[in-house]
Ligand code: PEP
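Coming up is one lone chain in structure tokens, specifically the form predicted alone.
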């Protein structure tokens, strides 16, 4: 049982309540919430008003599990933990990477440079290493902590490292951003209490033979001391199989997500013990709902002082990040990379306005969802049309715009190609993908049989054509976006429904009747991020441009020949009517590369010579790559 109070109790008030309840055989635990107000926790239920003034009680939660504060009922929305600029939980996928142990400054810096470059968010590395054999490398101790702190300053990555005892926990807290509790110490209760009192984020690994309840009760020790910054880590349990180091229990992820509000990451390095199995199991972990992964990376794993066989080579880590970007989209999450969104956001330093993102519709639209995931710290500006998004960005009212450009089922959104040409001061500075799941929402009291009016965005109708064929005598009404479809149904009342996102349907109090009604489940929309500020970077690997050709035989062939001659991969080519010039056409092209290297400068120079008009629309990071 949990009581959330509206005030902070004095020590005297706590003692009075505790004595009164103890006389009835009820023990109560007090802690200060993050808002400074007192929380009461008891394993037994009691009548709160018998010992506490009802005016003091904000909420009463009767929880039917031994773990109270870790139970999802305590925070149904889920816990999101922030470590500097890194977010763990929510809609993001977080990657922790680094060597098993800090062996030297040179070794750690080489690994940190690699994992930073390819997209890791947090640097891991052990300074204190509990080992099965007393003769194995035990870590560098405080010297290793100093090296980790230097790596944080050099590479800008928060650091997670293990504390192995209550005695060294305080020392670890002085250097690390996240304190790790290893599998062998999951039930070291003195250590759990110590990190609970230290108040720093804690990464708690599951014990090798621990049940899910054991795991959550270990987290409860930390939470019970007022530290709500707990990250759970599934790292495999000991089984009978000898071909892998452990058995990675992926079943635990959705189960814990149902039971607890705490974020969950997965350690496939320890879970398998085999570097060749780390990538597929990491992909599976994200697909199961994990909030991130922790992997071991080494530039020379064959020389590693510990866990070499399970440590990824740098190129394997690069492939892992690429794969996780794709899987994240499939499950509605976002893996932020320093080379993508953060660089887009950091560009705001050169812009006069604060970071404000314009998008189509209101909260609940697909555009709002992808904007929120891409710019979690930004202010948002709803717009009624795509033109308004471009106008807000052009005028400086918004620093960025989030604009859909194509869908895997219905194709290109042509109007936005024309707007890119109409606003020459605007550039494409990034791209994002979102899986579009269309759902049927009905006004309460309405069934499919008495459905008369159905609201949806034209793209929604187009993506659900086969489903619409099953509806008889229903009037379809086009609206501006998916959020508006749900709102219009709510305003219309009985007999109406909508095709919209789950978020929009629930936002407006409609009933979610059927899920994923789109014709093809591989339904993705590509969004472009637009801004007036543009900086070409060598790390970019995708360029968009538009060009026009002379109306002569072979002119298109000669233009495309440039890409073959320069050995540059052309990703997309699409023709559009040239506005105001009947029967003349523009060609929009995406290609792999950047605007910095000489190879691509040569390509642009030659393409300019073979066209009558050429404009570069932007360069950015290619967010969609095939899983290899």
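Residue numbers count along the first chain shown, from 1. These numbers come from a predicted model, not from an experiment.
Below, we turn to the form predicted together with this ligand, even though it does not appear here.
This chain is drawn without this ligand; in the model of the complex, the residue among 483, 162, 291, 334 with a heavy atom within 4.5 Å of it is 162. None of 180, 374, 463, 311 but one reaches within 4.5 angstroms of this ligand in the model of the complex through a heavy atom, and that residue is 180. Checking 165-173, 545-553, 83-91, 124-132 against this ligand in the model of the complex, the stretch whose residues place heavy atoms within 4.5 Å of it is 124-132. Within 4.5 Å of any heavy atom of this ligand in the model of the complex lies no heavy atom of residue 319. Taking the partner from elsewhere, residue 100 is found to have a heavy atom lying within 4.5 Å of this ligand in the model of the complex.
In the model of the complex, at least one heavy atom of residue 184 sits within 4.5 Å of this ligand. Taking the partner from elsewhere, residue 270 is found to have a heavy atom lying within 4.5 Å of this ligand in the model of the complex. Three-residue candidate spot 275, 283 and 323; no residue lies within 4.5 angstroms of this ligand in the model of the complex by any non-hydrogen atom.
Scanning 59-82 for heavy atoms within 4.5 Å of this ligand in the model of the complex gives no residues at all.
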